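Starting off, we have a lone chain in the form predicted alone, written out as structure tokens.
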Amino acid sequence: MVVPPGPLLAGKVAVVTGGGGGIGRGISLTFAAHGASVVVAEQDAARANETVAEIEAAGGTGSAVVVDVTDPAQVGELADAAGAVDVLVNNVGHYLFKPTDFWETIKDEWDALYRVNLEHVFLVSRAIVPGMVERARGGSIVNVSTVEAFRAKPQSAVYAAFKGGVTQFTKSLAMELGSHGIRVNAVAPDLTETLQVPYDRWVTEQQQPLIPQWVPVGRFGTPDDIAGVVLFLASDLSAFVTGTTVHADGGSYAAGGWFRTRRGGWTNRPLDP
């Protein structure tokens, strides 16, 4: 199939969870720029409305749905509001707690990490997929994971385990939905400026020269970097791609991992490599 020129998602309806900020906002704006009608599913009403306003100011189409995607009832309302969905991006995720050795964590923390990093992917997919199957016009699901699903993340073992679950769910669901023309893939970012990982505040001016040592491509990522990969996976450019994960991490997964600090913690940004 030859992809025709022009917007890559023209005429498509796309749901982006956590679509009002960070990577989710970048995806929402990129999708709208490529012709999609974007449903910005976001817990923060102000962020959702700001993103939709920016979409509309640029001539795109968007709508805001204020929703907690860890709440099954609200997820059902999201599916009803979205209508006929062609593209679903399960973007929500968070490490939630400060780095802590596993034996000092508690079950309530595990439950919270499960809800925001894995269960919501189940809930939203379960609510949206039946309609995609019934309409029989194919579609794409993209799950936003993390490099930590593929390498160790010391002092965040439970978070990493649930992100690993996203990887296996992506592969298995891809097999189930392939015959319906629905592709399921994931993207695994790292070292990307987000709401949860504000490198612009974490890295001092004195540490700036170290960035090329930390990131093989020589810079931190931006939400737009991740959005471009998600656009590829959502569009017909990736028509023969399913059940896989794209590592949009500037090369960090290929390069290595974490380093123990003199203070007893861990870092992926060593000051004295």
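Heads up: residue numbers just count along the shown sequence, starting at 1. Quick caveat, the model's predicted, so the values are computed rather than measured.
There is also a form predicted together with a small molecule; it is not shown, and the following applies to it.
- Although the partner is absent here, residue 183 sits far enough away that none of its heavy atoms falls within 4.5 Å of the small molecule in the model of the complex.
- Contact check for residue 137: every heavy atom lies farther than 4.5 Å from the small molecule in the model of the complex.
- Contact annotation for residue 100: none of its heavy atoms lies within 4.5 Å of the small molecule in the model of the complex.
- Shown alone here, residue 44 lies within 4.5 Å of the small molecule in the model of the complex, counting heavy atoms only.
- A single residue from the set 105, 194, 125, 156 has any heavy atom within 4.5 angstroms of the small molecule in the model of the complex; that residue is 194.
- 67 is the sole member of 233, 32, 67, 39 with a non-hydrogen atom lying within 4.5 angstroms of the small molecule in the model of the complex.
- Stretch-level contact check against the small molecule in the model of the complex with heavy atoms at 4.5 Å: of 125 to 133, 171 to 179, 105 to 113, 89 to 97, the positive one is 89 to 97.
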